[in-house]
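In structure tokens, one chain follows: the form predicted alone.
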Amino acid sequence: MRGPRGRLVLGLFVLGLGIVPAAAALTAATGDPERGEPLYRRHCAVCHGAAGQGDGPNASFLDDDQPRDLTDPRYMGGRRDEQLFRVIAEGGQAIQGSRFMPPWGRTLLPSQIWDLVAFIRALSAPARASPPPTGGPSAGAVLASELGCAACHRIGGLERVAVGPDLRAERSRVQRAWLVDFLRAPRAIRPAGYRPLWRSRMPDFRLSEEEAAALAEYLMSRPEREEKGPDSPPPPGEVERGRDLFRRHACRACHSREGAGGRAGPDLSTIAGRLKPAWTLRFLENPQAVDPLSPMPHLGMGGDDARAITSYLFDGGPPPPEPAPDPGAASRGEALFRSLGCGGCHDDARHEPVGPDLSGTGDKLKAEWLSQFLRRPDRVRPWLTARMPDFRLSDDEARILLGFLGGLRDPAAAGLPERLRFRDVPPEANVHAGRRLASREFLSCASCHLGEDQPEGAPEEWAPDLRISGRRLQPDWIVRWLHDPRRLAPGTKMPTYFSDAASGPEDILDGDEERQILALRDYILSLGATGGAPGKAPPGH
């Protein structure tokens, strides 16, 4: 153990020597380490680290009470299962250990604590020979899952995961002005993440002020329940008592306030501008009753103590009441909530994917364009009301995600014969023939696509910009797409111009459909040589 209290402190699992619980429930239990792992990741890893080595992101804020390395077989070998159970259930202060170790006995069932014990034992078990590869998910698939990509896209067999909190109680939980500001400029609230140590984050949808206000109105229009809480200034001495309770419960182990404290939970310095006192009081009384997935421990404090801590956090009295939601704005906000796919990350049962199928991305998109798009997403399909959000990816995250998406292939796509493969530079004769084919005299591609001419109709109804297609799309995929667009994208509005050997115009390239497809491909690629930059939307977008 590190630090001057090292002989007494185990960090998160503080263990007293020779302590054996007397409760009959502790005398015989068999935990399951597989069930214990997700519990460990949610409640323990933020201090002890994902691998149990005492290096979690919150560890450096725990002063001298640094978390124990749970992979140390010598240390863990001297601790009985009953000791581990007790310190998890009752907390560090129950055995005169670390004040930063909270009691989990009100948060977890006894069987879950035994599962945790089993998982901790597995962390310190002797290393075994590396097992053969099992075909598990790649680093890119894990990142895509944690970011919530499958909420908007079909990506092979990747399953949708609700990576964000339930938003049905926003009216009782947050301040309207804060919510509008957050929607326009998302930032991390919980440094360790809503799902601890996941890389999920609230993305930036580049909302206008009007859109953010409408979305906030919708979220504020659906109260889960009416809260009853402090509605008057606290009585004399209550703020000071709340400050003392805040210290006694070691809240600063996870929360910072006024520049000091941990980083496992939200910074409480600005809580009065974000949350409402009544919701905060109820959450302090029983976090899991408010959010079953909350990693905050149930500390068992009564209503009076919860009220005192709330008074301390909201020193200065409750905020003024907010006006009732605007039904018209709320209706517009609901439509926006659906079209942006918000329910995919926030567990809305009615959610449907709103983005394109990415299962064949490796066949379709060029790596250079995709890399730029992941860092600076922009509109590609104007008719979609959804928009690709900005996840503020790091260079490493973008590289991992690019490798994953670039490896997604269409298993039903046979390799093109050599005569159809793209060489290097499109022959000028082919480009000229493709331009004729695309003209309004023949296929009239400009009716939908922006290329050398402007499409008809409203810009939001246009098809993807052909000027970026040469930089965005793989040449061989363009050939497959022109041959059979409905196989690659069932339900697409793109017509099938080459359904059989007699479908192409007879007076271009002798009516040879195969040569016509290649000519269209070469014309599209030629547009990319002088067109807009990757990801740049057409004028007016």
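All residue numbers are counted from 1 along the displayed sequence. Note that the coordinates shown come from a computational prediction; the quantities given were computed from them, not determined experimentally. We call the rigid core whatever largest set of C-alpha positions still superposes within 1.5 Å between the two forms.
Separately, the form predicted together with a small molecule exists; it is not shown, and the next lines address it.
J.: For the interface check, one of 416-424, 233-241, 339-347, 321-329 should have non-hydrogen atoms within 4.5 Å of the small molecule in the predicted complex; which one?
T.: Heavy atoms within 4.5 Å of the small molecule in the predicted complex occur in 339-347.
J.: Just give me the single entry in P297, G451, P459, G403 that has a non-hydrogen atom within 4.5 angstroms of the small molecule in the predicted complex.
T.: In short, P297.
J.: Given that the small molecule is left out here, which of A141, A308, C254, M220 has a heavy atom within 4.5 Å of it in the predicted complex?
T.: So the residue touching the small molecule in the predicted complex, by this definition, is C254.
J.: Looking in the predicted complex, is the small molecule within 4.5 angstroms of a heavy atom from every one of G52, A177 and G261?
T.: No, none of the three is in contact.
J.: In the predicted complex, does S447 have a heavy atom within 4.5 Å of the small molecule?
T.: Contact check for S447: yes, within 4.5 Å of the small molecule in the predicted complex.
J.: Would F61 show up as a contact with the small molecule in the predicted complex if we use heavy atoms at 4.5 Å?
T.: Answer no; every heavy atom of F61 is more than 4.5 Å from the small molecule in the predicted complex.
J.: Applying a 4.5 Å heavy atom distance criterion, does L443 contact the small molecule in the predicted complex?
T.: Yes, L443 lies within 4.5 Å of the small molecule in the predicted complex.
J.: With the partner left out here, check for me: in the predicted complex, does some heavy atom of A188 sit within 4.5 Å of the small molecule?
T.: Judged by the heavy-atom cut-off of 4.5 Å, A188 is in contact with the small molecule in the predicted complex.
J.: Taking the rigid core as the reference frame, is the Cα of A45 displaced by 2 Å or more between this form and the one not shown?
T.: A45 C-alpha, core-superposed: shift of less than 2 Å.
J.: Under a superposition restricted to the rigid core, does Q516 display a Cα displacement of 2 angstroms or more between this form and the one not shown?
T.: Result for Q516: yes, a 2 Å-plus shift.
J.: Comparing between this form and the one not shown on the rigid core, is the C-alpha shift at L299 2 Å or larger?
T.: After core superposition, the C-alpha of L299 moves less than 2 Å between this form and the one not shown.
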